[in-house]
Each structure stands twice: as C-alpha cells, then as structure tokens.
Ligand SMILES: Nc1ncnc2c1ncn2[C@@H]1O[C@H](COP(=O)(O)OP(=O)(O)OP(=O)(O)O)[C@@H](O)[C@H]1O
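Below, in structure tokens: the form predicted alone, a single chain.
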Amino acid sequence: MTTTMALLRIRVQGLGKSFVLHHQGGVRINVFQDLDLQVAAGECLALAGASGTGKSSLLRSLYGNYKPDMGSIFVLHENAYIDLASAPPRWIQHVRRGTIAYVSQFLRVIPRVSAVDIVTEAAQFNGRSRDLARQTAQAILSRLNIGPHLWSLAPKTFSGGEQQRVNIARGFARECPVLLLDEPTASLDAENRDVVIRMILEAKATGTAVVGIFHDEQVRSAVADRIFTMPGQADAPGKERSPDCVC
C-alpha cells in the first residue's frame, strides 16, 4: 500500500518538540525536529530508534497530550483535517472522542472501578448502548484471556500483564479510525502477544491507521507496513525503511 493511493488519516509536517527543565536552570532539551510522516487508512507505521529519541513523545503529540513547538499534525476527523498542533483544547477532546484511541504503556484508571466497567465506558464512545457496550467489553476481555472471575475486580489488583491487557481492551473497544500503540505487548506472554497481533491486523483490515512502538521484532514484523526511524539529536530528520530491514 502507498499513502499516495490511500486515504490519509494522519499527516505530520515539520514537527518539532522540546522540553524546558525549569527546575534545572531552564535547560532546553530538543526531543525531535522537522519530522514529516503520513499514515494511510489500513496501514501500520512503526516508530523505531534509540531510547530517548522521542518515540513516546511523538505518540503523545499525535494524541494531543504534548503541544509541539512547531509544525502541524493533521488528523482526518469527520471528513475534515484538524491540526492538533494548533487546535484549541475542546477540539482536541472532540477528535479524541471520535477518532483517536491511544494505548499507553501503563494503565491509568480511577481506583476501584471494575475492569469490565473501564472497557464498557470506552466501548460507548462510538455510540453503542450501555448493554451492547458491555457485551463488547466482555468479548474483548475474554479474547485477551481476562476471564469473567476478574471482570468485577479493579485492575489495580491485577498483575502487570493483566493490567496491560485491560489497557489494550479499552483501546480496541473504541474501534477508532486512528489507533496509537505504545509498546502494547511489552508485558505479555507469547499467547497473549499473538492475540494482540491478530487484533492489530484485524483493525488494519477495517481501515484503521495504526502508529505504534514495538520493541518486539516479531510483533513489528507481523504488523508494520512501514518503519519510521526517529533521528538522534545529531542526525538528519527521521527516515523510513522497510519492516524487514535490520538496522
């Protein structure tokens, strides 16, 4: 698939991000500069690069959690491109609710809320009734080997791998056109890793654009159509390579 032939869901142009350490003399750390990338419907772009090159920061920028210093992040939302780099907060929230799902490395939820309620709430984002959303949540949790005996429990009591699977279930339950994944299989065993691979491939088949960080080479090879290598601070702007390239 080429992005010139398919519907673009994400288009990033000239993106730059830095952080100022106010408690350490105002030191500015440049995370990335002049990034250009695009992602089409039905494809997966994997972010690669050394630790500290800004992969997770880029994902958070695509979700609107981080405001870039420069550049644009155009996301196709309700048949129009919205620039999340300059959009007001209410528009960012609107795009998140309808278009972008984000699976972070760690589960952050309200204490004492049950696993099934967490995923049910996410499944309601696309307009499902409460009953249908709950059925969807139960199906996804079961697929990820979170059994009925755990549904009524708060995930804070779960193991790290179980928490990550609840996190994945919450992201996939929304069935958004854009899916951001930050090391979704890092805490998973081989069986559950394979389940997540199949879920990503199924999402792509329905037209979801996926941007992800996959440190597991087997996962990356299975799901990625293209790889975008984040530049180091002394490097040229980011570049793409084949998913089969060992670099």
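Numbering starts at 1 and runs along the sequence shown. For clarity, every value in this text was computed on a predicted model and none was experimentally measured.
From this point on, the text means the form predicted in complex with the ligand, which you will not see here.
In the model of the complex, no heavy atom of Glu43 sits within 4.5 Å of the ligand. In the model of the complex, Ile29 approaches the ligand with a heavy atom inside 4.5 Å. By the criterion of a heavy atom within 4.5 Å, Gln218 is excluded from the residues contacting the ligand in the model of the complex.
In the model of the complex, the ligand stays beyond 4.5 Å of every heavy atom belonging to Tyr63. Stretch 44-52 is the contacting one of 44-52, 184-192, 197-205, 218-226, since its residues have non-hydrogen atoms within 4.5 Å of the ligand in the model of the complex.
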